[in-house]
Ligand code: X90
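Heads up, the chain below is alone and in the form predicted on its own; it's given as C-alpha cells.
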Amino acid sequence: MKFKIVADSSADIRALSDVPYESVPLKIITDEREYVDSCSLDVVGMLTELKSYKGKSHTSCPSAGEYLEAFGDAENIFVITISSNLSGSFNAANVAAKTLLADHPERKVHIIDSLSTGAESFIIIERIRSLILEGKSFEEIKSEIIDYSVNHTRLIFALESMRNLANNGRVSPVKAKMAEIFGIRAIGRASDEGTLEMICKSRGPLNTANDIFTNMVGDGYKGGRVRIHHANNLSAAELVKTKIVEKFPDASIDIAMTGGLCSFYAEQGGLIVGFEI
C-alpha cells in the first residue's frame, strides 16, 4: 500500500527522508508583496521586511486544487492542517478529498484538524511517519493518530509582539499595543477548540523560559518528545531546552526555525513549543 503524508506549510516540515511527503504552501500577503511559504522562502528576510512594514497584511490558505495535486497517486493519504478555527485550510483539504474519492473510491484519505499549528503538527506528523514505517495499516494508523493528536500532544507559544495577531483579529489591538509598550511577552496555548488562548505574561528571556516550562508541566508534560520552533531567536529556544533538560535529562528535544506562516504570526523572536504528554 502506497502511503503519503500531506500537510499545509504551517507544520514547518518541508520534506521527510523515508516516507512520501508534500507540504502545501500558505501565503502571507501585504500591500507590497506576496510571500509563498515554501522551502525557497527567505524567512529571516521576510521577518525583517515585515518588522518595518506599516500597512495591512493577511494570510491565504491553499486551494482544494493544490491539495488534490499534492495527493498524487498515493493510495493511503494522511493530511494534517492548521486549526480550522484559524484558517480555511482544513475545509480546502476536505473538498480535495471528496473530489479524489469521487473519482477513485478505492483510495483512502484521513484529514486531521490539528486544532493547532507549527511544532505540535510537526510532532503529529512524526508519529504518523513512525506508524507507517512500523508497517501499520491505514485503519490502524487512523485510530492511533486520532487518539494521539487529541490526548497526547499540546502546544505553547511565547510572543515578543502581537501586532500581526491583532491585525488579523486573533487578539485585541489594545492588548497587543500595551504588551509592546511594557515589553511584555505573551505566553499562550492552542486551546481545545483550536483557538489561541493567552495564559500569562512574562518579562525577559529567563522568565519566559521558566513560564513556558511551568505551563508545559501544568498541561501534563512528563518528559516526552519536544519540538521548539523559533522565529529567528535560537538563544531563547536554547533557554527553554535547558530548562526542560534540568528536570527531564532524557527528554528528546529538537530545535528548528519556524517557517513563513508561523514566523508571520509568532513575529521576530517568538517561540512555538510542541510536546507530548
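The first residue of the sequence shown is number 1, and the count goes up from there. Quantities reported herein were computed from a predicted structural model and do not represent experimental measurements.
There is also a form predicted together with ligand X90; it is not shown, and the following applies to it.
> Only one of I123, I77, I82, A96 has a non-hydrogen atom within 4.5 angstroms of ligand X90 in the predicted complex; which is it?
Contact with ligand X90 in the predicted complex is made by I82 alone.
> Which residue, I111, I141, L100, L115, has a heavy atom that falls within 4.5 Å of ligand X90 in the predicted complex?
By the 4.5 Å heavy-atom cutoff, the listed residue in contact is L115.
> Looking at heavy atoms inside 4.5 Å, which stretch does ligand X90 contact in the predicted complex, given the options 133-141, 201-209, 186-194, 100-108?
Result for this chain: 186-194.
> Within 4.5 Å of ligand X90 in the predicted complex - does that hold for a heavy atom of every one of I128, T153 and F275?
No, the whole trio is out of contact, none within 4.5 Å by any heavy atom.
> Can S149 be called a contact residue for ligand X90 in the predicted complex at 4.5 Å between heavy atoms?
No, S149 stays farther than 4.5 Å from ligand X90 in the predicted complex.
> Is the gap between L86 and ligand X90 in the predicted complex 4.5 Å or less for some heavy atom pair?
Yes, L86 is a contact residue.
> Is there a non-hydrogen atom of S60 within 4.5 angstroms of a non-hydrogen atom of ligand X90 in the predicted complex?
Yes, contact at 4.5 Å.
> Is Y21 one of the residues lying within 4.5 Å of ligand X90 in the predicted complex, judged by heavy atom distances?
Output for Y21 is no: heavy atoms all beyond 4.5 Å of ligand X90.
> Which residues, if any, of 16-41 lie within 4.5 Å of ligand X90 in the predicted complex when only heavy atoms count?
Result: L26 alone.
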